[in-house]
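Structure 1 and structure 2 below are two forms of the same protein chain, each written out on its own as structure tokens.
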Structure 1
């Protein structure tokens, strides 16, 4: 096991001690990738990583053992289709050394329900909760290597975004612009995570599905895109227009830019996530567009595109050094256009540092 994974397991065990947790149970997920650098094939065959203070090992289908062994040196408790997982699971739980009477266990919230019930049926006296204060707590605080990977991914995304706007021409479809961005990612060794291109009124749909709409003179353009490289993703939204900006575009863009700046200024260690959301929302509400800001201000970014912390009006999460999240206020005017400006920031050296190097200036094309 490499030094990074050893450190993560040690940190997890420290959190387990601090939270009185006897056992952490993880299914095939980004949690497993974070802790063991293993992302096994996920189907109906139970795969579990169990971690106690004295032991860590896998319940693993026998047909996956040889492949999985290339990625981890943690012990396997294999089971064959002909036998089922019950005996191997019993052996694994025994190896963890936990007291089975009334253990406190943490369950992977992304795990299949049948895997979860298998564990709970085997440990009927257990009290259980999800990973928020253990694995999730650790994942939300990025180390220097994660920062470097996220920064590189963000800078590559800057260039991809520029390529998308450079592709604009009269009559081009949203899908063709998205293809130009995807091609840029591929040419630079990255894998597309998502790409939303919105022309004109389509920008008023926060989760618009890129389609065959063609670009016309006077259209606002919104591009929200991200890719994965070095194991970590990017995520950014920029806006522009073709020819002459539609009426009100400049005013809305200015409001959103001020909302982003207000949220960034509020995002400091010790601040609650809800205060960051409020800082952005207050700017938009004061400008008269409060009802047109339809979603939360942001979401965490790490191995997953969406992970903790979530920047919402109701979140009590206290921001700490190393937390990475989006700030992405939007104003959506149905039938006209919608604008959103999105930055990914990391709480670093006491302030919110923007990972992107691309200005939020509206891109004028044509």
Structure 2
């Protein structure tokens, strides 16, 4: 186990002590990657990482042991197909040294239902919650290496976004623009995470599926795209138009730009996530578009493209140095167009620093 992983495990145990957690149970997920640098073969065979104050080890299908052994030196409790996982799980729980009568356990919220209920049925007295104040909390505070990786990923994404807008011409489909962006990622060693391209009224659906709609004069264009490089993703939204901007475009763009600025100004160490959401929302509500801002203001970004902290109206997460999240207010006008402006920021040296170097100006094409 390398120094980074040793630090993460020690930090986790400190958080477990602070939150009176006896046992953390992690499935094959980004949490496992973060804690043990292991991305096991993911299928219906239970794989679990269990961590207590005194022990850390894996429940592992026997036929994955040799391959997984190359990635971690934590102990394995293997189980064979013919036996099932029950006995090995009992041994692993015994090794963790927890008091089984009423342990306080943390479950990986992304774990499969069958893994989850295997654990809960084996520890029927357990009280349980998810990872947000343990593993999720640790992951939300990025170290310098993670900051560097996220910054590089964001800057590459700026160039991909520029390539997407450069591809616009009359009659091109949303899918063709997305392909241009995906090809750019691939040519630069990155892997597409998602790429949403919306022309005209399609932009009014926040989760529109990029399709065969063709670009026409007067269309608004929204591109929300991200890719992964060196293990860390990007995520950014910019907007523009082809030919003449549709009526109201400039006004909506300006409201959103001010909403982003207000949220960034609010995002400081010690501020609640809900206050950042409110800062963006207040600008939009004051402009009369409150009902058209259909979603939360943002989400954390790290190994996962959605992770802690979530920037919502109800989140009492207190922002800290190293937290990375999106600020992405949107206004959606059914039948006309929808705009969203999205930055990824990191709380650093007491302020919210934007990772992208690309202006939020609307891109005029044609």
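In this text, all values refer to a predicted model and were calculated from it rather than measured experimentally. We call the rigid core whatever largest set of C-alpha positions still superposes within 1.5 Å between the two forms. Numbering follows the first chain given and starts at 1.
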Please identify the form predicted together with a further copy of the same chain: structure 1 or structure 2? 2
Is residue 100 displaced by at least 2 Å at its C-alpha between structures 1 and 2 when the rigid core is overlaid? yes
